[in-house]
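One chain comes next, on its own, written as structure tokens: the form predicted on its own.
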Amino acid sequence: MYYVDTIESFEHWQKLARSFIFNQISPRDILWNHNGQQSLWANSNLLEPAQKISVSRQFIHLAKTVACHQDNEKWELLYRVLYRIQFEKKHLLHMHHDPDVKKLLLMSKAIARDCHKMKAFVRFKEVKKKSDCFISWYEPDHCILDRVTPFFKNRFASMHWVILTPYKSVAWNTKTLTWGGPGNSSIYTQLTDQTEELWDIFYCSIFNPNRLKVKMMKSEMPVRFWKNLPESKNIQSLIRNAQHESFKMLEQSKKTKT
């Protein structure tokens, strides 16, 4: 039996998986450490080093995505699927009804959804120092900061910015990225930003009460994100007054026609 200690990254898992596959170690003979704590019994280093093995790009892409998932059982699941592809069913990934494949695809969808939400709901506050700098606090469901950072790097290439999350942080100075440890939300929440007032005015001005669909809005903008969105403080009052504002717009329309 082989005991695997905490996996630190996709590259760490990839190195171990290559070695296991090279030595044809069955998933049944590997005990993965799921609790994230150091184990005294890890012995995977006893294996022969792996030579290059052939793996499809589809699996590599899927594995890199699933590696961002918070579920610690992902590493065991990825190796089990990799082993089955190598020694049992070459086209396993096309069998979407297979329980292992189905679970991997659900994890992949969760990561894609989390990335989409982060791109939409990160809000920066300006910090006045030697040069303008912007800071943001965001709480993703999964470890997606590395995956989403290129989006912000390209979109805000000329700005100095910092994104803090509960597990990792990243800073951009218009030239290089600097990675750091877990961020502190209080740094963000204590900041005041002059642009917030303008953002509030803009958000309220584009609100159309005739198109209000609360259930759909909460689906697209989950309530758990509201605490870090400056515009969220206006949402309840906009919903409460929507019917009245809609009636006013209808009356104004009738007057215009007459």
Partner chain sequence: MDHNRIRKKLKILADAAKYDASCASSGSNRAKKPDKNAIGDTQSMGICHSYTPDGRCISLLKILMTNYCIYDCKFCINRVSSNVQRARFTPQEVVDLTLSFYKRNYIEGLFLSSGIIRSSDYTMECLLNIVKALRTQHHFNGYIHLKVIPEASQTLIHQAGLYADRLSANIELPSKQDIKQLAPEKSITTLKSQMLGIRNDIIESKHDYKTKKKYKLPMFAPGGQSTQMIVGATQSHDRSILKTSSSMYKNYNMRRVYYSAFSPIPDAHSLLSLKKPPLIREHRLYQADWLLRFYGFDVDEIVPEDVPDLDLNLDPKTAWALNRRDLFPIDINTADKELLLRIPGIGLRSVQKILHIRKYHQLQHHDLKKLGLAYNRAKHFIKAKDHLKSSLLDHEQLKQHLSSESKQMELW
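Positions refer to the first chain, counted from 1. This is a predicted model, so every value here is computed, not measured. Definition used throughout: the rigid core is the maximal C-alpha set that superposes within 1.5 Å between two forms.
What comes next is about the form predicted together with its partner chain, which is not displayed.
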**OP:** Would you please decide whether Asn210 lies within 4.5 angstroms of its partner chain in the predicted bound form, comparing each non-hydrogen atom pair?
**Re:** yes
Original post:
With the partner left out of view, is His142 within 4.5 angstroms of its partner chain in the predicted bound form by any non-hydrogen atom?
Top reply: no
**OP:** Mark Leu62 yes when one of its heavy atoms lies within 4.5 Å of a heavy atom of its partner chain in the predicted bound form, and no otherwise.
**Re:** no
Original post:
With the cut-off set at 4.5 Å between non-hydrogen atoms, does Ser186 touch its partner chain in the predicted bound form?
Top reply: no
**OP:** Give a yes or no on whether every one of His12, Cys68 and Tyr83 sits within 4.5 angstroms of its partner chain in the predicted bound form by heavy atom.
**Re:** no
Original post:
Can you say which of 132-140, 73-81, 177-185, 164-172 gets within 4.5 Å of its partner chain in the predicted bound form, counting heavy atoms only?
Top reply: 132-140
Original post:
Going by heavy atoms, what in 73-93 lies within 4.5 angstroms of its partner chain in the predicted bound form?
Top reply: His91
Original post:
Superposing on the rigid core, do we see a C-alpha displacement of 2 Å or more at Phe59 between this form and the one not shown?
Top reply: no
Original post:
Would the C-alpha of Gln70 be classed as shifted by 2 Å or more between this form and the one not shown after rigid-core alignment?
Top reply: no
Original post:
For Ser246, is the CA shift between this form and the one not shown at least 2 Å following rigid-core superposition?
Top reply: yes
